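For this one, two forms of the same chain are given in structure tokens, first as structure 1 and then as structure 2.
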Structure 1
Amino acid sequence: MPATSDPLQTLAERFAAAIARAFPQAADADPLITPCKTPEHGDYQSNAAMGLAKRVGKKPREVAEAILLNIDVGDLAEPLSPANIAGPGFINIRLRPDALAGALREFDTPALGVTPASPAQFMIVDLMGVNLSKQMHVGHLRSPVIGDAIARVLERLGHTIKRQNHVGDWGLPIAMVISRLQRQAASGQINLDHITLDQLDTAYREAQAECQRDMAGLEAARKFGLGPKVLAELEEQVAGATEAFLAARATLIKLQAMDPEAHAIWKKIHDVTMKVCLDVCRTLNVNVTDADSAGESSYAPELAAMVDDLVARGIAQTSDGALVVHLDDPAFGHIKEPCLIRKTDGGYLYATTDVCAIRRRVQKFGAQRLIYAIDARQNLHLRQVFGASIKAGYSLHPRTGQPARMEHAAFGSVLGEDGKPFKTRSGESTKLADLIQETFSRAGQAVKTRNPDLSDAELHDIGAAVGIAALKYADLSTDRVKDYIFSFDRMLAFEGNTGPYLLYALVRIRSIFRKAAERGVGDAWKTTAHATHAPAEKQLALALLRYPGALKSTGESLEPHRLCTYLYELAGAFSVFFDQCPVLAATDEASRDQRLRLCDLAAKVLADGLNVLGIPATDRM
């Protein structure tokens, strides 16, 4: 019997050993085992011979023949001979029926063939970056959706995951808002006890505007003699903005000193913002809680000591009055632009906090892998932060002494159907909560059209499930580094590579078992031995067995679209099986029960895969 339920993995191990025996000088060669695209030629194929031929100085067919002379797959596949070599050197492999049945038996457990990672690692996934006082908009959609899916995949593989919501909750921008709110509360314009996030969002924009001095306008008025009226207006604007800015700076000092009044307003802003943020996460079925949030404020007490450490060890150096870490050495990323750690005025930057976060996550928490689900436009910033952390030694694990693996799971932008950044008709960024509700509403309408007999309660629940599936799958099924077009019509389609299509595939399988119960079919099928006879049965079985490999590939690459592609192909294999292999109308009970076992496995894998993507299943649609 194979050591794993995945024949592809077993074949890869056997072929790798055969290559090492046949060609010791190329023992590291990848056996390149893939599923056969044409089932009539076999179930799997090794494409290693073509690449090996150049390395060992032989013709591809000679290489393939040498591999076959050193291979032992008799317990797994039909006998291999030169007749199995096709074209320039492809080796076709066909599983033995009893081996396939045995693989299905090994696979049919709660683990679904997934062997826990050994050794398991502790990893941290940075998957959000909301800012206090600001509504989450469409630009905040991809980070939690992609980051949570990556975290779920790694958890499914047996690793321990800590999620981190890196909240922008400190610094001058927040002090500007607090200063403005204090003045508005004092004049009776607002009631801080009942303030909403919409009001805070407005206050944020107004605070930014009132602190922005129009120096360019003032200089132009003086230079071109635009008259005393224009000059007076611009001087008044600059004076007012200067006053507002200085008030904000004073508020920041009070906030850093934990002044009770300033901190109380900060706490109110924090609580209102985070409640909306976490509500959105719950609605999206994203596993982020308050315990996962670590704001910039939590790093503030550590920054001065960290910067002193960088200076004392010569890691950070003064450049034009600022403090920087040079990264032009290849060991630190070979980056021309240094990482700015402290500004000339003594202020800290995002990079300072992010380096401090790495130090905490590795040195204190003991993370072995750090993953950042962050916009691709932040690539240089993260490379600088990673490089500075490596140079400082902060990325070295305190127990193993090995560097933590730091990765940027970059993603593109959400675009409208016009190919431009997705916005409302008025040109503003769409509120994420509004986008979600619009998706749920449209999903409910689509479900009602297909099933008008659903109750309001059922329609609400199913509409939400379909909406989440549509919204998240449209994102996750796209190669994350690419921009993707947001289209309600496309994502809510019940045909094609969409979330609703996968949900419907699962619902269709579950309906088979409801009908079986209605017809009095018992549970004898649960103990029926696995067997595949018809071609569509075999193709479905082979598709099921690829599940552990799809998860492993997704976890290594941090690319959720790989798992999406697998689930879509599995749903397609089930659709062919469903059309070609009657289940409840099978010609005999043995065939019926064997097919019910296949259906059961398909349902389990689809449900598990959707759950790993953060998409809840439903029994009806």
Structure 2
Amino acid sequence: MPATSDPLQTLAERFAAAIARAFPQAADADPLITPCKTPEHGDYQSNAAMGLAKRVGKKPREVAEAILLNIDVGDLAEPLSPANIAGPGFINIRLRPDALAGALREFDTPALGVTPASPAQFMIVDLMGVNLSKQMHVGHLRSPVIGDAIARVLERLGHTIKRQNHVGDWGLPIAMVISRLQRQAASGQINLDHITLDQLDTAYREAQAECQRDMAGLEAARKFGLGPKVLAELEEQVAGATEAFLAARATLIKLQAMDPEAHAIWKKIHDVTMKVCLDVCRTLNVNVTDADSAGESSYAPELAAMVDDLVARGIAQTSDGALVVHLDDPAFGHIKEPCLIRKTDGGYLYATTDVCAIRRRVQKFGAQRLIYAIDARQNLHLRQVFGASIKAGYSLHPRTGQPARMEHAAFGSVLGEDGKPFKTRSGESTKLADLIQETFSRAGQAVKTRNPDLSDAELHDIGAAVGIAALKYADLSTDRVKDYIFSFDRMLAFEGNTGPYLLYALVRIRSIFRKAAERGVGDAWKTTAHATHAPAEKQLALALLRYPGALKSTGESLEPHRLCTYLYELAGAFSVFFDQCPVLAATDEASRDQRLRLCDLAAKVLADGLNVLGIPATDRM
């Protein structure tokens, strides 16, 4: 009775034992079992002999032969002899049909071969990264899509995940908006009771402009040591801006003191922004709710004490009037640029908040792994924050003393088809909600041309499902660290490595079962023994059994495209099977039922995999 349905695991154990017997001095060697790339070679292979050869001072083929003399795999593989040794020392393995059937039987449970991680870990995924008062645009697409997919993969592997939406909801930028809104409301230009995110977005940009437009010039003048006369002229010139700036600073102080009026406006901005944000999550089937919000404001009350702690313990030092944590040490990431945690004027920065967040996540929540689904351009910032947390000891688990694993799941930018940052023709950035609706609408149209019989209501739902699949899969299916080119046409293609293609593969399988029911095929197949006869059946079965491995590798690397590639290959294996192995028109009932079982498993794995990616399935399209 194998502990796992994955023959690869069992083979790895057997090969490890054989290696230990043959070469006790190298008993720790990795047996290096992988699926064969081409079926001609076999089903699985061990690549251990080559690496072992040097270590034990023998020729690779001799090592391979020694392993085979000590191997015990008669129950699951066809007999291994020197004929199975190929090339420089690959050992090719073919599964016995009954072992493959047995593996399918083990695999065919709701877990689909996934053994829950032991021990399960508690992990936090940082995702979304929205800012109050700013409209969501394409730049906000990848973090929730990638972060949620990573969270789902890890959950599927048995870990406990807490999502954290680190909302940019605090500091001078927000105070500037509040200050401006107060003035606009007072003069009757806007109605705070019915304000929209578009209006807030405008106010945000205008507030930035009026406060910073000329401040930059003033800074430059000081920097270059211009005379007092020039400075005076400049200062007069920017008097208006300065006034707005001073008002914003006053507002910030009020906000920090929880002044009722300022806070009421803050709350309004918060609610309007978060509604749009959470609506987008819901529309995209991203599993993030209000409960996952932990904005910068929630850390504000903790910052002063934390910084005092850092000073008291000598972690932070003053530098040019500011307070920094030096990280120019291999233990802290060997980063030349220190992490700035307090400005000369006493204000805190986003690094301060991020360090504070790590402290809370590890010390209070007990997280063992912290994952940041954030733009690749933030890499230095995150490395600094990680380094500072390590130096401060905040990343050590409160009970076990173990360091939390901190990782930046970095992603590249979304580009337009011209290879430049994604913008509309007029140069504006598209609202994310509009972009999503356009995707759904195009998806619905694409489905309609292929299946004109669908009703409008069906098309609406299917358009959303296909649209989510297209949008998310395009984002998830390539190496996340690279920039990717946004193209409706490519993501909505129904052939190739796309979301719609995977949905289609699943729809075809489900269609078989619908047809089976129409033809009065009963449920007897459900108790038929698993088996594979035709090559296409075997390849499909082998592909199915790779599912747990694909999930594991994705969870380890935090690279959802690995799971995507796997699902695409599974869909491909099913298509070959579908082409070569008639199911309902099989020559006899036994092979029909046995093929139904394969179809059933393929549907389960596809649906499960899509769900893990955050893509809902559909029955028709």
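Here, rigid core means the biggest group of C-alpha atoms that superpose within 1.5 Å across both forms. Note that the structure is predicted; figures quoted are calculated from it, not measured. All residue numbers here refer to structure 1's sequence, counted from 1.
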**Request:** Have a look at both and say which one is the form predicted together with the RNA.
**Result:** 2
**Request:** Tell me, please, whether between the two structures the C-alpha of residue 589 is shifted by 2 Å or more, with the rigid core used for superposition.
**Result:** no
**Per-residue C-alpha change between the two structures, residue 576, threshold 2 Å, rigid core fit** = no
**Asked** 2 Å or more on the CA of residue 613 between the two structures, with the rigid core superposed, yes or no?
**Response** no
**Prompt:** Aligning on the rigid core, what is the distance the CA of residue 30 moves between the two structures, in angstrom?
**Reply:** 2.8
